[in-house]
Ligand SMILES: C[S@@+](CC[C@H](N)C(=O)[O-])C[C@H]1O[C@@H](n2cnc3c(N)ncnc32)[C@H](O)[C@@H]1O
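As a starting point, one isolated chain is supplied in structure tokens, in the form predicted on its own.
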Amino acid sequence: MKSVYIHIPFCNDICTYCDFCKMYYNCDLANKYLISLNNEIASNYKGELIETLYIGGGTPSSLSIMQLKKLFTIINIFNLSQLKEFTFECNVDSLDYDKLKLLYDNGVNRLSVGIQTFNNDILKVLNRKHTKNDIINIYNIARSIGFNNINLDLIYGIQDIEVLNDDLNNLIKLNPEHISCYSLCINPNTKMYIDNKKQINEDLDYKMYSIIKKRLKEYNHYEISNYCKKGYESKHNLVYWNNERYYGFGLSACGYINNYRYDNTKNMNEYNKGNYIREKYIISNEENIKYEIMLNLRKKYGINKREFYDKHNINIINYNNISNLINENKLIENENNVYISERWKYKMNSILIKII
């Protein structure tokens, strides 16, 4: 166990597309939540050395300065003597110099900033409260403080091709170490869904995906939705994609410990009563293999054949339809790995269905 995820569910505003576990920020409720979070961690953490720590949400940066200081006190429960990566998710509108300096002084060495687009009109549609100028200003402040590992999130599928290219121009100009690009999904229980907004068709989605991939050619496309400069892969997210174990703390967080996975409650009242886990389920060997294939194939280099055999005593080439997919050139096999061919990466779900 070397990784921890902590969920902060509070937001100053609710985006029209968001279906994550979140609620409007309330100072008193946030204070109570931090007490419960402290109790959950103290009750369940077993003292392992932690190498990656990720605080997500929601909007963790919606917390006040005093609450952030409390959060960092809670984090000191962990053994962080070998911490390699400490990521903190932020929104532009809830950041300023003082908060960024506090994050930096408390060991955060990777920022993940949700910008989504640089287009001011589309930002309003998404109910984002920042502007293009705000993005650039906060980014420059973070750089001036000393942050040298910044991820910027971009959503595509809400803008047209011209605006997408303009977004990419602005991203490339800022020159972040890491870029995450997600296709807009309109899910139930979001304002976009209620307003009957429609997703773009698959052909346009693929065209946008291809444009992004071409425009970000100077970055390593190391995972289906993620691009980075050399050496700046997200160490924490690779824990997920490599099917490794991790703690999940906080409302709606999930974790993977020993041979079971668990999902925390999404009910704040239950969480504050100490009823943290909603569901806990044992993972069989066969289920674990399927998880691993599904997650590994998200990565550029897919499944390491030797590591897979050492873990499961199975030659991956002999598993289900793997050899057939290699013969069809949908999967590529080299000396060390099996991975999805570039041509089929966008349609990886159709490949996973045939395997799993």
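Residues carry their position along the shown sequence, with the first being 1. Since this is a predicted model, take the numbers as computed values, not measurements.
Here the subject shifts to the form predicted together with the ligand, a form of this protein not shown in this document.
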Worksheet item: Does the ligand get within 4.5 angstroms of any non-hydrogen atom of Ile194 in the predicted complex?
Response: no
Worksheet entry | Ile155, heavy atom within 4.5 angstroms of the ligand in the predicted complex | yes
Worksheet item: Heavy atoms within 4.5 Å of the ligand in the predicted complex: does Asn220 have any?
Response: no
Fill in: Exercise: Gly114 in contact with the ligand in the predicted complex, heavy atom 4.5 Å
yes
Item to complete: Go through 275-283, 163-171, 90-98, 236-244 and give me the stretch that gets within 4.5 Å of the ligand in the predicted complex, heavy atoms only.
Response: 90-98
Fill in: Selected contact from Leu184, Ile122, Ile224, Ala142, since only one has a non-hydrogen atom within 4.5 angstroms of the ligand in the predicted complex
Leu184
Discussion item. For a quick check, can you give me the residues of 54-70 that have a heavy atom within 4.5 Å of the ligand in the predicted complex?
Written reply: Gly57, Gly58, Thr59
